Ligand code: BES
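Only one chain is given next, in structure tokens, and it is the form predicted alone.
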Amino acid sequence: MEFKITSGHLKNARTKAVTTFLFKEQKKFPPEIQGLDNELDGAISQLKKELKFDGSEGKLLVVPTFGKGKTDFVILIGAGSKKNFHLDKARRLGAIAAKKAKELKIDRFLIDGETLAVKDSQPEIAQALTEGIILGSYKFDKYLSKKDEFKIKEVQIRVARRYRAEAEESSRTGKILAEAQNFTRDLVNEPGNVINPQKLAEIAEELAKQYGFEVKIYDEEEIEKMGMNAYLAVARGSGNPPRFIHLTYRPKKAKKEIALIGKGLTFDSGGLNIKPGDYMRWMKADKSGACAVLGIFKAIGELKPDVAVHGIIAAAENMPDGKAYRPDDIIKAKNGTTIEIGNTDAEGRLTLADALCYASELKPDAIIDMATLTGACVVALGEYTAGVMGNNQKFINEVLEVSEKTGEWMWQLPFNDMLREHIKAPHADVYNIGTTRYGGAITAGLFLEKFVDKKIPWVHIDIAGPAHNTRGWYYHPKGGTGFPVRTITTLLMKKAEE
């Protein structure tokens, strides 16, 4: 899909469709839409009246031109209330425009970004529309015998002439971010018989070759030599051996050094504490954090920010064979902390524990981990919002601030000393689950805290809710969403500018 930034009057646009927007407060057409209406002898205003189009968010008015003017269709989309408009609504509207274009088999269209620039700048709107169009067009159809081969080839985004150069750069950034998110979606959606730990390592190597990253892949013998016994315990029950992945992006003028860790359970059966059938379904998505790290590396390979980035994945499969770890086992992590196993289905935090120890030894300026860690977080915040925790409030605030712009919803969950009491174990330093059924997302975060160097700012993002969805919403289809690729990549770009 090619994106072009354009200016000029809508009535002069030479493309198959012109898509523009109307806010609820606008009782009369703005001049640009009025110009189109005049070209079509009042057809837009007539249909608006007959179909009671009032600018409600997402409502559509499709007007065929029947040879009048320079385009085949004018598509008017309701933008909702101007007072409540924000940047993510531009993404949603972009997705609506793309879906309607695909429905009408329109492979080239213009979308009017200038109309939406109420609070945000036109370059920001251009980026958001680009992201929404690409994300809203996504479909995972790799294994379908019959595929819809129709593709949108070209999108023109209209902005005022003085913003064209800046909007071109913003749209380019949006295209890279959205395509990296779709790359992540593809990986999340791949089943466990296709992507196992070895395959995940191969994908990391392919990215390294494509973009010139450094990459190290450690096998089970090397993992054992490094003392990653918590991670190895989880991997022990599977016929697919673990692979520890370390990608490094190191620009010449790096201003900061950030370590990203993604939970990489390519499939999670629950181990000996096996999951019920309904809960085991979709466990191919337990690698979503790892897939997000790979997607972020794809994005930074294109954007090349001046910040060094480590991508760390402890890839494993949690299965229940005769070698599997057991409840009541006591395991020593890389930093010497002993862990008493309360439940083998709390495995992700064990793999992350050793990954956090490894990352801490690199002495980065900050660490971020992303993990589909707890059902408790989904109970607390719902399916669309990630839980954010950590040891540094300033860093947490930075992540939350960026997520507001990207539309990837996050909410902070509080650490507290009382819940710390609930991960104390009688025979080891810590339990891998809390001794209370309440606050499970927080006790998981408190467990992870024990494996992070206290001097390093660290944020834990529990993406169990929004990483994979069985219904889809806004510009997210059913399945993997690619959360939080755009937020973390944008944060890295921001860090590069500090």
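Heads up: residue numbers just count along the shown sequence, starting at 1. No experiment lies behind these values; they were computed from the predicted model shown.
Just so you know, the form predicted together with this ligand exists too; it's not on screen, but the next bit is about it.
- In the model of the complex, no heavy atom of residue 184 sits within 4.5 Å of this ligand.
- Shown alone here, residue 251 lies farther than 4.5 Å from this ligand in the model of the complex, counting heavy atoms only.
- The shortest heavy atom separation between residue 286 and this ligand in the model of the complex is within 4.5 Å.
- Residue contact with this ligand in the model of the complex: residue 408 places no heavy atom within 4.5 Å of it.
- Only one of 371-379, 112-120, 415-423, 184-192 lies within 4.5 Å of this ligand in the model of the complex by heavy atoms, and it is 371-379.
- A heavy atom within 4.5 Å of this ligand in the model of the complex is found for exactly one of 448, 464, 459, 44: 464.
- This chain lacks the partner; the member of 153, 275, 323, 304 within 4.5 angstroms of this ligand in the model of the complex by a non-hydrogen atom is 275.
- For the candidate spot formed by 196, 243 and 245, no residue has a non-hydrogen atom within 4.5 angstroms of this ligand in the model of the complex.
- Using a 4.5 Å cut-off on any heavy atom, the one residue of 407-443 that reaches this ligand in the model of the complex is 433.
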